[in-house]
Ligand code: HEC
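Here we start with a single chain on its own, the form predicted alone, put down as structure tokens.
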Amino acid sequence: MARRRFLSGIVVLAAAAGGAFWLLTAPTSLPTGALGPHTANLDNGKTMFNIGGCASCHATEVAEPKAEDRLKLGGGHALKTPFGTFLAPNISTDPKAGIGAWSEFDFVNAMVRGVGRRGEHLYPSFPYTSYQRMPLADVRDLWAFLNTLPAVDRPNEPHQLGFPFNFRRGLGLWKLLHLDGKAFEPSPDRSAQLNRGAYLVEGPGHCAECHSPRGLSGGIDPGRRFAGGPDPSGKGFVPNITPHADGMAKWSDRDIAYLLETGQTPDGDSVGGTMADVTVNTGNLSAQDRNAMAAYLKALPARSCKAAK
């Protein structure tokens, strides 16, 4: 009898634990009615497209790319990480292969909550921890701009993940640690230029996503944010972009803005790898936005990257 009661108690506790896990890990969507009337600004949408780096991950890779190919968002780019390989999806206007059948609400929900069209958690290889800083108006303008781009009939490929990382529900716990749902708020202690730079760098630009070391859970180490870190592919080290001696202490605002425009460093070298793609994107921004980003990066706390190596 005692053994039966003990086993019954174990079953009840397991059921309670399972129920608690299911509730804690449930995807959280935007509330119904979150999107009111909006008149899209396509120029701003194009700016969000460029600073957001949409083409860097989602443009279909071709043997001899042309300028217009960065607007063909058939996906397929492989991002190798310690957790597995993520394959960027098709986000073109194709209704079957891409997101042409999505609603605006579906898209906004994915950008700021990391929740897919079917209510599933999206993996944070899609940097919604940064995109959540974007005001809904900017996300909606981006949606409007994406809808002007061509459809690409290219099927998506599944991510290459092993257990437990292929269990999406567990991302609910990850989000409790790393997704706070807060949009960017300008600081009254900063100039308008610094606030603009802070927004672009911390929000749609998601610069910290590559230029920061990460903890065991895969979240950014806040004490070493922007101080550089191992390349997710396992090859090399992403540089420190703070004004530290290990980073850009000797760079001027003008140097940084020029890099963002041309991909050229102050010593006459040029950036390579994924940063070359980034500078193609930032080269399409206005000079005012590049200058704002440069000013904010120079105003960051100086942090050493040595501990991250």
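Just count from 1 along the sequence shown to find any residue number. Worth saying up front: this structure is predicted, and the values here are computed from it rather than measured.
The same protein also has a form predicted in complex with this ligand, omitted here; what follows describes it.
For the options Gly219, Gly76, Pro239, Gly172, the residue carrying a heavy atom within 4.5 angstroms of this ligand in the predicted complex is Pro239. Contact annotation: of the candidates Leu146, Val112, Val152, Ala198, the single residue with a non-hydrogen atom within 4.5 angstroms of this ligand in the predicted complex is Leu146. In the predicted complex, at least one heavy atom of Met293 sits within 4.5 Å of a heavy atom of this ligand.
In the predicted complex, Arg225 stays away from this ligand, with no heavy atom inside 4.5 Å. The closest heavy atom approach of Leu179 to this ligand in the predicted complex falls outside 4.5 Å. At the 4.5 Å threshold, heavy atoms of Pro213 stay clear of this ligand in the predicted complex, well away from it. The putative spot formed by Cys54, His206 and Trp251 is fully lined by this ligand in the predicted complex; each residue has a non-hydrogen atom within 4.5 angstroms of it. Along 141-166, these residues reach a heavy atom to within 4.5 Å of this ligand in the predicted complex: Leu142, Leu146, His159.
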